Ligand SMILES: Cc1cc2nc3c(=O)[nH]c(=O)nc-3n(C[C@H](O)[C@H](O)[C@H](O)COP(=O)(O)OP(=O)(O)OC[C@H]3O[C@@H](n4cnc5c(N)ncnc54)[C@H](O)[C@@H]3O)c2cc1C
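Take a look at this single chain in structure tokens; it is the form predicted alone.
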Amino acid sequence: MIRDSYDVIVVGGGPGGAVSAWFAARGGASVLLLEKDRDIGIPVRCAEAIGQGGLQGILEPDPHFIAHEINSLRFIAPDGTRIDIQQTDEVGYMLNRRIFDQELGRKAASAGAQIITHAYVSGLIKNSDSIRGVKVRFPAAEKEIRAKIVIGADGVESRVGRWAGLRTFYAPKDLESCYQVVLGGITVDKNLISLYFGNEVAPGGYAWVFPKGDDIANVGIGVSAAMIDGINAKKHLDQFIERHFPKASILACVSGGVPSAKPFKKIHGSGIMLVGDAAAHASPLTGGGISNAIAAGRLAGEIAAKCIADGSWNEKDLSVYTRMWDKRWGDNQRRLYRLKETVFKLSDDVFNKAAAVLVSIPTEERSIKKIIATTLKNNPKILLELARTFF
């Protein structure tokens, strides 16, 4: 039975929303999580990879939701030069996002949160500038449900943030247009992630091959929304697949926007906080957002529970959320944004020259830090561009 009011309402059942609901409920708040789709974790709009650190303090790695480990990374330059890196300090995981998201939902429910799917939030309840709940359309009815705090985890297209008067829009250059397919009947190394660069491949972005087994992979492409120029992400991906996997079978497909922006200056208001893509928490450089959404969800849930326990949840009380996020992760997000602005403006020729230098590094000595240092040392143009960007 859905009540008329809760301490906390979370809009969106992805990782950020589920973790928000979990930690708010664990902290003693009454919590309702509303998901517009019929199932938690479906559809999967994600390449499904996460670093080991993204799970720490949340879930122990479990074969139930982890397809396999990732221990190698391959960069492919525009001219086809390949640079392989062995991950020695931290492994990554390929997730089964449907099961992973449902596991986070189960954790939230076990902590006491109530989860309702097929629940379309159509507006907010306001009292002056304060948020006091949500308006929801269910399959058979509409309802207003009040709450002391609303957490918007409704993705890159976040309406909750806009309704609350928060800045949640992206400039075209800060939004990647993405298209991904699940390819079957291919041969891949399941422990190796591959990233392809070049203006012919993916202008302002990159293509990826994220294996989910020895003969299946998530293959996708992200291109800058400001650089599409008549050829959309799907067409770029069709060309990529025809070149690299001409005999593959497409088992599933999905499209959407991925943010690559600086953090928003304000992700809270009176009675509201934003989490994940709704708050520009994805990495501006890679577009990866699971780890940051989880971290933000935990922080938002814990702050919501504390504010409920303290009996105050106005804008000043919730401002600690924006401040703590920015203190912990803001500088890194801004550095990645500046790096993105530089890297994706480099010509294919510069990429190719850098790759030619990097392949000379012995494989066992390659690391991300080593590659960056070697690139800067041997390619003055990249060094100059980075200097302009950072200084």
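Since the structure is predicted, the reported quantities are computational estimates derived from the model, not experimental observations. One-based numbering along the sequence shown.
Missing here is the form predicted together with this ligand; even so, the following discussion is about that form.
- Taking the partner from elsewhere, Ala49 is found to have a heavy atom lying within 4.5 Å of this ligand in the model of the complex.
- Although the partner is absent here, Gly165 sits far enough away that none of its heavy atoms falls within 4.5 Å of this ligand in the model of the complex.
- Proximity of Arg97 to this ligand in the model of the complex: non-hydrogen atoms within 4.5 Å are present.
- In the model of the complex, this ligand lies within 4.5 Å of some heavy atom of Gly276.
- Highlighted residues Ala225, Phe245 and Tyr337: none comes within 4.5 Å of this ligand in the model of the complex, counting any heavy atom.
- Shown alone, this chain has one stretch from 290 to 298, 316 to 324, 227 to 235, 197 to 205 that lies within 4.5 Å of this ligand in the model of the complex by heavy atoms: 290 to 298.
- When this ligand is considered in the model of the complex, only one residue from Ile267, Ala153, Ile149, Ala113 comes within 4.5 Å through any heavy atom, namely Ala153.
- Contact with this ligand in the model of the complex, defined as a heavy atom within 4.5 Å, holds for exactly one of Ile83, Ala119, Ala305, Val188, namely Ala119.
- Residues are counted as partner-facing when one of their heavy atoms sits within 4.5 Å of this ligand in the model of the complex; in 10 to 32 these are Val11, Gly12, Gly13, Gly14, Pro15, Gly16, Gly17, in sequence order.
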